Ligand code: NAD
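A lone chain, given as structure tokens: the form predicted alone.
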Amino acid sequence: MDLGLRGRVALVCAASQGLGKAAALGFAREGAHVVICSRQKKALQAAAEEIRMAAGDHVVQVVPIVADLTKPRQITAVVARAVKVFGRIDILVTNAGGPPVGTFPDLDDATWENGVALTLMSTVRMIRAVLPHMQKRHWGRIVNITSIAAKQPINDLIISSSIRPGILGLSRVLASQYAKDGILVNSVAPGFMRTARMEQIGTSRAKEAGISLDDFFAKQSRDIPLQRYGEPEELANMIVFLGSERASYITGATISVDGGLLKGLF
């Protein structure tokens, strides 16, 4: 299936590693130009080179921009640079690292505010900056990477479980308001994905439990119908489809990519 992405411009946030990088790789493989941002300069440059190589026979440009998405001016600068280089932004993938974790009594106001700035406000500000450019061309795709915690709260992730549902509400409202402009807004809710960050966490917890990393992941996967963690590329496949011409009648949706872990009907 031709997704109609050749020559499109995708801006993917927090793309130096993990889910963001997987999404950027997916767009490049389909022939889209990619703008990626991250706070980690060295990792960002390495990701940019990997994405260029992954494009294969497609001639794509990859523009890496160092940026802290908790800083409003840096978000504005990322969008301005993308528009300066390409003249437009067709696809936006919002993404950020997970908010701080901890028990409820230990999470002070500063920690909550940091979580809001990183997870919610970075999404709000990035969409706000990109929307006018999509409106000019009467075409756009916005895909918000959230978490299964947006639909099924996780006790150990209090801040994430409180904030991420707000992104779903935002997506739904924007989908209704901007459909007339040819802009589709959707969200993806990944379950447990085997990213480098999850492997670091898993290694630590496996060591505490006195078991191997593989045994730890096997134990954690018992409640997942597919009996395993997902691979970042499996989430990226859905993101790329939602960013494509072929997703022309999907907006306001939240699609779970979780191996069947989510138990709710909606």
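Sequential numbering from 1, following the sequence displayed. Keep in mind it's a predicted model, so treat the numbers as computed, not measured.
Here the subject shifts to the form predicted in complex with nicotinamide-adenine-dinucleotide, a form of this protein not shown in this document.
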Can you work out which of 242, 25, 14, 9 has a heavy atom no more than 4.5 Å from nicotinamide-adenine-dinucleotide in the predicted complex?
14
So nicotinamide-adenine-dinucleotide isn't shown here. In the predicted complex, which residue out of 49, 223, 68, 214 has a non-hydrogen atom within 4.5 Å of it?
68
Which of 105-113, 174-182, 91-99, 127-135 sits within 4.5 Å of nicotinamide-adenine-dinucleotide in the predicted complex, heavy atom basis
91-99
Given that the partner is absent here, does residue 141 sit within 4.5 Å of nicotinamide-adenine-dinucleotide in the predicted complex, heavy atoms only?
no
Using a 4.5 angstroms cut-off on non-hydrogen atoms, would residue 196 count as touching nicotinamide-adenine-dinucleotide in the predicted complex?
yes
So, in the predicted complex, is residue 187 in contact with nicotinamide-adenine-dinucleotide at a 4.5 angstroms heavy atom limit?
no
Non-hydrogen atom contact residue 123 with nicotinamide-adenine-dinucleotide in the predicted complex at 4.5 angstroms
no
Determine the residues of 157-174 with a heavy atom within 4.5 Å of nicotinamide-adenine-dinucleotide in the predicted complex and present them in sequence order; the list may be empty.
164
